[in-house]
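What follows is one chain in structure tokens, specifically the form predicted on its own.
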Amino acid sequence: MWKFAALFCMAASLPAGNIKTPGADYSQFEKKLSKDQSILHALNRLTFGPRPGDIAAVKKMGLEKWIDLQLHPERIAQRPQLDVRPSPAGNSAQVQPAQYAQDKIYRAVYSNRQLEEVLVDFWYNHFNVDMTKGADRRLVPAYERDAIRPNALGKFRDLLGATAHSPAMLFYLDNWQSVAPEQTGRANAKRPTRGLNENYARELMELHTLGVDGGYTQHDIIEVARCFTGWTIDRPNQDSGGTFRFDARTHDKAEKIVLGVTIPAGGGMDDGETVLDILARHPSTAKFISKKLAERFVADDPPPALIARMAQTFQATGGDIRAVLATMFGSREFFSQGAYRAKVKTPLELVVSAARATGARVESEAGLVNQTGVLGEALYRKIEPTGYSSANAEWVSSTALLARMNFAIQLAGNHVQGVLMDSSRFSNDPAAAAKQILFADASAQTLHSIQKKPAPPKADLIGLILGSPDFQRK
């Protein structure tokens, strides 16, 4: 048990969050990083963690050029294995949840288009769908593949529209059963009463676009729900998984007013499209999306000035996600002491970055998929529409840190199913071994915690480094 004692000695050094009050001091975001720190920081944020050789490769290419390349994944040659194992193709109804989660892990570990994979994960969480809900078991693979992935770096309006049309989203938030009040009809044993369902309308504004303080009211929720009546699914419970269909018979054909904009009667399916247009170009959406991106890539409490510049880019470019990201990645705040190692890795980021940093060979992803669930982030299985949080406080507790240390020790000892790590490639010296895994010098606290006991076996040394706060941070 001595190997876990270091965990509790070091836990206090992990950031539990950096939420500040109005008028807070953001001066740390004005302090520049060194060149080496900047490269490591970019690799930690734009990828699922650096691999041996990545820092040298970025130095050779140049950091700005490397970032630009990640922003244009179509220019990056993909690994041959990823061409063999696409994300996944074919009949989505035949893709099992466990298989799909394994594909996610495989791409996160091995794809050269790392920012694309990070963004697919980000946007899936933003537009979360729980794969365990009924027909979504069959619908989710096509949802991520066809709605999220192709639009991850495109225009936000296109991404918003793709998710709104997706049978997975329509089923998850029950809009497929939402009908105009006058179409409700009588209930009977075989066909229960249906009516207006506000679930999608509410989450569309609160979670997908405007944000909870974005300026909408309960009346707006009802009007948006009316606009989306008739947006349904053809045969959702069949083996084919279901397809989008607009049912004019169940659509509310009367006039609606959304956020002060009158939508004339008789618009049919275009009523919903008009709502998406209104929301995508709303200033609150520009701010909300910019803030959420900055919270994921910069810090839990990003400087308001950075969010404002990102939101300005969002509006000036018609919601061009790539342009908003370029504004953020090119900012002084991103490459600052305030952002450096200020975020705690999510379980997905932890297990993937550990495999990447150690050069482990992943022969089967099942073990890593299982570990994400053990650590609190079961892939595609977040019940609430909020998705998994990127906030530090979500992942920092004594129980969570103990579970992370357990994973680290198991991985280092080759006790994670399907993952093989060669410990002989690491130095016996704790400081040198830590630098091999962290790609930077370990903190004095981490080294002290590792060295205060007699020299541990090599696997335990590697496990302690992987379980240290230094590795939990990014």
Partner chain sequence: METNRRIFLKSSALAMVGIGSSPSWLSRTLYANDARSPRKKILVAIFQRGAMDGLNVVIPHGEAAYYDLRPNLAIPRPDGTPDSAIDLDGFFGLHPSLQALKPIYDAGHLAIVHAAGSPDPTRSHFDAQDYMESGTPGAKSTSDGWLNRALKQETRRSGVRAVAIGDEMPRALRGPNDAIALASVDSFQVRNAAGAAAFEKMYEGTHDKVLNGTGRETFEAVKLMQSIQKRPYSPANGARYPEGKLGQEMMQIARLIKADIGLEIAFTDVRGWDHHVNEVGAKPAVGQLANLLAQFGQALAAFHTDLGDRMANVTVVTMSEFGRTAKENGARGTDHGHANVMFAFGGGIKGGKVYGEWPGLEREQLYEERDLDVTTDFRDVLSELVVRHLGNPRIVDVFPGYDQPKFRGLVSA
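Owing to the predicted nature of the structure, the values given are computational and were not obtained by experimental measurement. Numbering follows the first chain given and starts at 1.
Beyond the structure shown, there is the form predicted together with the partner chain, which is absent from this document and is the topic of what follows.
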Can you tell me which of 113-121, 355-363, 390-398, 226-234 lies within 4.5 Å of the partner chain in the model of the complex, counting heavy atoms only? 390-398
Exercise: residue 203 in contact with the partner chain in the model of the complex, heavy atom 4.5 Å: yes
Is residue 71 part of the interface with the partner chain in the model of the complex - any heavy atom within 4.5 Å? no
Hey, in the model of the complex, does residue 67 get a heavy atom within 4.5 angstroms of the partner chain? no
Is there a heavy atom of residue 172 no more than 4.5 Å from a heavy atom of the partner chain in the model of the complex? yes
For a quick test of understanding: in the model of the complex, does each of 381, 409 and 472 have a heavy atom within 4.5 Å of the partner chain? yes
Check each of 145, 133, 245, 253 and return the one that places a heavy atom within 4.5 angstroms of the partner chain in the model of the complex. 133
Exactly one of 181, 264, 268, 373 comes within 4.5 Å of the partner chain in the model of the complex through a heavy atom, and that residue is 373
Contact check, 317-334 vs the partner chain in the model of the complex, heavy atom within 4.5 Å, ordered by sequence, gives none
